[in-house]
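Just one chain follows, in the form predicted on its own, and it is written as structure tokens.
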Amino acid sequence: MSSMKPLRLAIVGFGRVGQVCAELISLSHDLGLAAIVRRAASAGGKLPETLRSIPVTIHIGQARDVDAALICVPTNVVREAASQILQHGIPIVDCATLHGEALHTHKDTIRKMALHHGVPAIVGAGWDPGALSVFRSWFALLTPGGSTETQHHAGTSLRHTTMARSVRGVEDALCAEVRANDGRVQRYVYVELEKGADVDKITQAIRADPLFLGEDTQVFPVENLAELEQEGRGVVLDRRGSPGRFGHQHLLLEARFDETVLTARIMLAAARALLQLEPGAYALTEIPLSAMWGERAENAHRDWL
């Protein structure tokens, strides 16, 4: 697989997502950057030194040797950009931030254009919709009949943070507050520990404090709390199955991340899958996971199965 010709990608739009896509492509062995498509007003803008050799155009039709295009423009102009690219018979990946009926309408519109021009298209391939949609779908599959709560930017509780910082062995702490579906308060306490500190004893001490009594408290040791606080996004995905003879299942995803970086990574993974798709439009939940690994699929199968 390593001898296969790299997939040549054009980046349409060179904002934050487009720039990270370009950087990740430059670090990849199976992807290549064919062109950067920018607005006429921005086409003369200076590029990073590593991209000076990449052709910059104002229209996808001027680009050469393009296998697929990553649409990295604002959501309100994604459809127009997609139409222009698909007319040239070039498969696309977009990261439009649409949900519900708006996303279904967008996908249907792209599907008709993609079928007309005989190429595949992947829509909503970012963090949300996209990767988070896959997590939601798996959680629902594992706990049918349950309910899902998604919380973005979990709130910080200053009183609880101060208390956690006072525990012996804790260098620094940050406490986030989340409300479960039934209204109960849940605490996520991130602690940076002193050298040699006992995690179990610290966890017990925090949970035993009156501030935390009667609350669902999770303690997570981290290496660098300052870096954690600087991360731009956070989400808690909480899925609770219905009580019954199979038990009450509870699935929890807690994450902090740079949304731009995750969006770019998902777009590149989706692009790798295009070669295995028939003409039409697809959401990320409709694409085989193995297809998104590209040439690394066999190794991923061994590592993660």
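Start at 1 and count along the sequence shown; that's the residue number. Here the structure is a predicted model, which means the values were calculated and not measured.
The same protein has a further form, the form predicted in complex with a small molecule, not shown here; the description that follows concerns it.
Asks: With a 4.5 Å heavy atom cut-off, would you call P288 a contact of the small molecule in the predicted bound form?
Replies: P288 lies outside the contact set for the small molecule.
Asks: Does the small molecule come within 4.5 Å of any heavy atom of S42 in the predicted bound form?
Replies: S42: contacts the small molecule in the predicted bound form.
Asks: Taking any heavy atom pair closer than or equal to 4.5 Å as contact, tell me whether P74 reaches the small molecule in the predicted bound form.
Replies: Yes, P74 is a contact residue.
Asks: Going by a heavy atom distance of 4.5 Å, is R38 a contact of the small molecule in the predicted bound form?
Replies: Judged by the heavy-atom cut-off of 4.5 Å, R38 is in contact with the small molecule in the predicted bound form.
Asks: Of the residues L284, M292, V17, A10, which one places a heavy atom within 4.5 Å of the small molecule in the predicted bound form?
Replies: If I apply the 4.5 Å criterion carefully, the residue I get is V17.
Asks: Quick one: which of 114-122, 90-98, 142-150, 193-201 gets within 4.5 Å of the small molecule in the predicted bound form, going by heavy atoms?
Replies: Careful reading of the contacts points to 90-98.
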